[in-house]
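This document contains two forms of one protein chain, each encoded as structure tokens and listed individually as structure 1 and structure 2.
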Structure 1
Amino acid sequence: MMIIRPVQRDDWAALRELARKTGPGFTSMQDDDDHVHNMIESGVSAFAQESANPDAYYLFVMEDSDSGQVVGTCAIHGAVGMDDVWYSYRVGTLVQASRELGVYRQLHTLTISNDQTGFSELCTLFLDPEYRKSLNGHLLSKCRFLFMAEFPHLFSDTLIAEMRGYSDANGVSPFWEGLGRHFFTIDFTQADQLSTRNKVFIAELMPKHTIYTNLLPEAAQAAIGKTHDATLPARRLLESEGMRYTHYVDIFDAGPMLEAPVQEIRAVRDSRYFKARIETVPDQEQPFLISNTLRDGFRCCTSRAISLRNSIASLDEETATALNIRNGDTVRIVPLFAERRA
């Protein structure tokens, strides 16, 4: 069984290995010793704090209970832009018209923005390629919604998620080549890595005025709002929960930003409390997402061996062990998938 839990310091080797597999453009988990170390320390600190810290970074890992191997990771940033400035491009439309000349044109524009400052962010979602099967991806992504539902005071009312932007088979971002390189004169990968450590250089070098996208190369224009092929499943999953593209993109690779009010996300809105009854339960057709109600001892998993009656959740011993709960403990449960409508 796959179990979600808070990160621990002895997860270093496993996370370092996962970081080597991320590839270019994966900003929130770089292939770098210091970066992974800082991730872990920030995550451990967030779960250890008794009070809410707006800038906290809640880092989770997915562990295979059979082998004890850490095979994935995900995180929630409590509020972006509270320490380092948060930048994005707002994609807009400018109309130019002349009746005399019979000209009517809609031009797309990019404007530097800090509009998401203070919003909570879903980030650092990465699953080992060998484990991208079954329900693993859904568990790794959606577990964060149950944590947010349980501890709403730790997060903003609005949630965002940056999708990795398009890059080619060689890791080259056409948007960066068409725009960013002219101002930074460094490779995309180097700029992406630098942005995780210090964003001052962005403010110093980024163009401050509105950019007309028709002045960019066609490949750069086509990349605006386009999601990396490897990230498309993650985008579809978040969209199925109610997150939407709101015409903001990343300033480096133009990857789309998804957004939603936290309380309107399906798994948050529809999750319910139940009292656990541990007993033999036949598998159900529908899988459920289930978590305990602890902060630093948070556990989450999926299970079909759950039967819900009134306020009682009957669940099997394996699920109870994964969640580290006993008879009578409170659990939070929601169907793993949204109900299909005719």
Structure 2
Amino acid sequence: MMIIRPVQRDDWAALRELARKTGPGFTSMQDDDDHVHNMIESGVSAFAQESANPDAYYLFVMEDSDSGQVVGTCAIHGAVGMDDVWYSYRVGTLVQASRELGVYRQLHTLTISNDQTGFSELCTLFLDPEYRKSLNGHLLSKCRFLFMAEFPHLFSDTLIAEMRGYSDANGVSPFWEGLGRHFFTIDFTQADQLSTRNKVFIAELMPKHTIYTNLLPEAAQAAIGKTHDATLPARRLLESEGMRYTHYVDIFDAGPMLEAPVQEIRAVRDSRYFKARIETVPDQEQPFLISNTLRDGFRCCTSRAISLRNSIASLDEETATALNIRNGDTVRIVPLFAERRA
């Protein structure tokens, strides 16, 4: 069974091994000792803090309870842009019209903004390729919503998630080639990696003025707000939870940013408290996402062996063990999948 729990220092070896599998371009978890070490330390201290540090980095791991092996990781950044500056391009609309001449055209613009400053961010999701099956991906992504539902004071009112932007079959980002390269004169990969360490160079080099997108090459224009093929499933998952593209994109590859008020995310809004009753339960058609209510002892998993009636959740022994709960404890439950609207 797959269990989500906060990261611990002795996850080092497992996470270092996972990082080796991420491959280039995965800047939020780089194949680098220092990087992984810093992730773990930030994560451990986030859960340990009594009060809410807005900048905290809540790092979770997914453990296979059968083998004890760590096979995935995910994180929430309490608030972005509080230490480093957070940049995005806002995609605006501009109408060029002269009624006298009968001219009317809509253009689009890109304007540098820090509008997401202070927002919480979903980040660093990575699942071992061997485990990309059944409900694992959904659990790894959505467990964060139950944590946020349980501890809203640790987070901003608004949640964002950056989607990797479009690149072609050769890994080339047409947006970078059409815009960023003129100003940064370095490779996309280099810029992307640098930006995780220090963003001063962005302030120094980036274009300060609003850009008219119609002056960019067509391939660059087409890439604005377009998600990388490999990230489309992740985007669809977050959209099914109510996250929406609100016309902000990454300044390097123009990947879309998704956004939602935390309290309007389905898994946050629809999750409910139940009292756990441990007993044998036949599998139901619909899987549930379920968590306990602890912070540093947070546990989350999925289960079909759950039956809800009024405020009682019947669940089986395996699930109780995974969540580290006893009979009568309070649990938070939400259907794993959003209902399709009729």
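Computed from a predicted structure; not experimentally measured. Between two forms, the rigid core is defined as the largest C-alpha subset superposing within 1.5 Å. Numbers follow structure 1, counted from its first residue as 1.
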The form predicted together with another copy of the chain: is that structure 1, or is it structure 2? 2
Once the two forms are fit on the core, has Glu17 moved its CA by at least 2 Å between the two structures? yes
